[in-house]
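Given as structure tokens, the chain that follows is alone and in the form predicted alone.
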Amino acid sequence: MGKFFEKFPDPLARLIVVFLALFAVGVIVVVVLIPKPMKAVEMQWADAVKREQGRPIKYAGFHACAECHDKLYEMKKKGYHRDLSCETCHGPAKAHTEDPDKTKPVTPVERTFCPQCHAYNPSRPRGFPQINPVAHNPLKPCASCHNPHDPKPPTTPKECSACHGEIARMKAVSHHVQLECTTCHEAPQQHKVSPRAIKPTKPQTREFCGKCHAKDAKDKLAKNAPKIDLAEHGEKYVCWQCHYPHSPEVEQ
């Protein structure tokens, strides 16, 4: 063994000795000191399964709800909440299925419950129903106006701001505050029902904005609007490709 290390420089030989010593210690720790249950993955899995199976079952599953509440189940299945389990809103229902008279499911009536999903959040996709919980029918439980099993607005939104609140707030402090949304957009009635499938129109020509902003504009809204020469300004681009129409900037 000594002759073996003579083949290497002293620093490398010492390093090999240290490595072999650490390796030997590691083998001893793994083989001798660590208990077998800590090394047997199958045994750990079996213990985890046994532990989970020992816990009391709290949830019944939506099929159990459908057995007694078939009409509500069918209504929910066709509505916007079809992907939500009943127990998402009503809580664990296993005890209720075992003794319906003794244990009643939770009915969420607090104003703070539904806004967990429906409070306005700009990161949520457009078209997803969002409200300002402070300003939207304050103090009223959501279920007093909306059937949670078939949640449709009691009336079709009449204002664009009902869904496009961020744009409405931005336009309210812009130079376009006096323009109705329908001045620039044509919104089919079906857009209110299927906002993602049916989109409102956007101006597609330079002449549309030119009705107010061209130097020779004669529209009634053109009186105090900034004027440009359409032939020279912006070349071939549609105006909204450079100017954000909900908050158009104005050069001084």
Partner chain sequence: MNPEFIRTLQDLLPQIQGYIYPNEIEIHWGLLIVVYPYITGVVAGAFILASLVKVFNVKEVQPLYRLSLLTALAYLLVAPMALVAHLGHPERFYEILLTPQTSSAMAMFGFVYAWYLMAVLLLEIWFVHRTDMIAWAEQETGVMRFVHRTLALYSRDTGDRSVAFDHKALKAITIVGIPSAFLLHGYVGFIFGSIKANPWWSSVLIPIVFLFSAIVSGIALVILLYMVLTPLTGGKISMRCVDKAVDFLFYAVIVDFSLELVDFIHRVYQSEEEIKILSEMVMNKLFASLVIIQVLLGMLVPLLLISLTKIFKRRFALNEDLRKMVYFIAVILIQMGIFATRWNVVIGGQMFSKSFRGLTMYKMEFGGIEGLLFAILLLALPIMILAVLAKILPPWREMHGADSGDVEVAGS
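Keep in mind the model is a prediction, meaning the values are calculated, not measured. Residue numbers count along the first chain shown, from 1.
Not pictured, yet referred to below: the form predicted together with the partner chain.
Only one of 221 to 229, 193 to 201, 66 to 74, 22 to 30 lies within 4.5 Å of the partner chain in the predicted bound form by heavy atoms, and it is 22 to 30.
Against the partner chain in the predicted bound form, the set 104, 131 and 159 makes no contact: no member has a heavy atom within 4.5 Å.
For the candidate set 49, 57, 43, 34, a heavy atom within 4.5 Å of the partner chain in the predicted bound form is found for exactly one residue, namely 34. Looking at residue 121, you'd find a heavy atom of it within 4.5 angstroms of the partner chain in the predicted bound form. Within this chain, residue 235 is remote from the site of the partner chain in the predicted bound form, having no heavy atom within 4.5 Å. Although the partner is absent here, residue 242 is not a contact residue: none of its heavy atoms lies within 4.5 angstroms of the partner chain in the predicted bound form.
At the 4.5 Å threshold, heavy atoms of residue 249 stay clear of the partner chain in the predicted bound form, well away from it. Heavy atoms closer than or equal to 4.5 Å to the partner chain in the predicted bound form belong, across 6 to 20, to the residues 6, 7, 8, 9, 10, 11, 12, 14, 15, 18, 19, ordered by sequence position.
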